[in-house]
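Okay, so here's just one chain, in structure tokens, the form predicted on its own.
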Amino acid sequence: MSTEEKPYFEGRDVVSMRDFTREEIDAILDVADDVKRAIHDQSAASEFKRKYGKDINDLFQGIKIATLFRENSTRTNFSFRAAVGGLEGFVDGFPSDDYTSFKKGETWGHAVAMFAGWGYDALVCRTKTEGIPRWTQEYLERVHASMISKHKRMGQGYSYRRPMILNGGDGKNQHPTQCFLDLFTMREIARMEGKELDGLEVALLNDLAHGRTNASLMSVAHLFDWKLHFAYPDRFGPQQHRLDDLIRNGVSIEDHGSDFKSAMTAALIAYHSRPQKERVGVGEDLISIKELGRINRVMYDALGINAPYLMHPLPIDAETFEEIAFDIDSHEMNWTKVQSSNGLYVRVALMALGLGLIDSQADLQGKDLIEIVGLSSKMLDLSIGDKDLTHARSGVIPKDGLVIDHIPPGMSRRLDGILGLEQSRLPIISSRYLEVDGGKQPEKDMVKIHCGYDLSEPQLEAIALLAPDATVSVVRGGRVVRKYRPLIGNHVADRVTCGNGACVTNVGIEHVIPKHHLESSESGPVLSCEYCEHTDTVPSVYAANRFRYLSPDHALIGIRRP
């Protein structure tokens, strides 16, 4: 590596498993393996120093880490603290809201900005609000740029970095550092059996609806060509948008319903999970859930040679469910304590790589950045359908105006509202009529604006999303002078409200504008929230009326003055 090059992972946050390629995951797990060996073996520690140029025992010397937890945690919080403090770093933070000013009305943004301003190198975040870690990245980039600018105005330097962000769990969304330690443990188990991570059969058990650890594993299953076996109590199955993601990614799934034994027998590894009673709500039959999802020695012994290795992200809810009974605590197939202890080594590796303290020895290429493609237009032949533009049922445009044609039937009034036209008092006629085409009579809607008007980019984005086959005809002096079809890109902002009520864009206090990535699918575009990763389809957004309406004032901007 030349002096100009920086370590491969330096500056990389750990927000979502979706941000990492298969090759990058393997490289991180390899570093974690070296960390684990170096901590427990002096000869391996010497090899670590030779390989990475750093002594494992003071790897974090001069580094400041803060664990900012709005949800209580034992393993995630204290494994991070043990990882940093045990290797000569400084660690501080708070374990819950009780130790902060959040109850006084302080926002998350104001809190993390303070830790950035105090020179912390990394922030480990846990919050109930989904998408907060991704937004924190964006917000601290702006704060950091502002701090540099203001110190420059004062003629002073500013040497603090924008802190590395590590997601310690955001609601039901992601828990990437847990996923890395789960993968690390699965690889250790697989290698004992003469296998690798590829092609494993994995059973995901119990609460698949609310658990973020299951969600994280589902998001990487396609990278390892896993076959997933699901078993869960009624109403605790995987969320539909996660199933849709798995299907789009070609993951093989077998749903065993409530038959836990069947799912476990089919898998090498059974990943059990705690019913998330803090997210489930009231009204569930907790006794039935306990009886169904509880694994004990009698059950394991009955599985015989088909008993899988047992993993669990912990904690076990011994008070309510005891989903793993105490009589199996030291069972030879119970790998949960190895799994939880592996969190320290994996988190050391993630922080050391992300902070540029060491470099991966793997030959890696970066993940291809998705080029942001914006709105565009396809120009159409003016001869196409000219005669329909003065259809008597929708009114003639004798002078200047605009026609939005080929809108799906019954959608024009909703589209008027979304575009901000309905309340703008512009001269508008919305109508539906039959379009005769080769003996067929398909219905369509049409919107005519009886004045000179130019659609704005937000309006065109809404049209392209809601009615992708719609055309726009510009009328001047009673004649069509231009005809085009707006085409949506692969990224939209402030057009659609996220369907996840727990998303940072819906909570409100940080005033986050919703942003969505668009991906192609056989059934039409799929919208993925940039923050919480919740996926939607245009029909589901339309059915739930979650298109964001432009204001009437915005609509008036488009009037072409004579």
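All residue numbers refer to positions in the sequence shown, first residue = 1. As the structure is a prediction and not an experimental result, all values here were calculated from the model.
The protein also exists as the form predicted together with a small molecule; that form is not presented, and the subsequent description refers to it.
The partner is not drawn, yet in the predicted complex one stretch among 308-316, 452-460, 488-496, 99-107 has residues with heavy atoms inside 4.5 Å of the small molecule: 308-316. In the predicted complex, the small molecule sits within 4.5 Å of a heavy atom belonging to R75. Using a 4.5 angstroms threshold between heavy atoms, T127 stays clear of the small molecule in the predicted complex. By the criterion of a heavy atom within 4.5 Å, Q178 is counted among the residues contacting the small molecule in the predicted complex.
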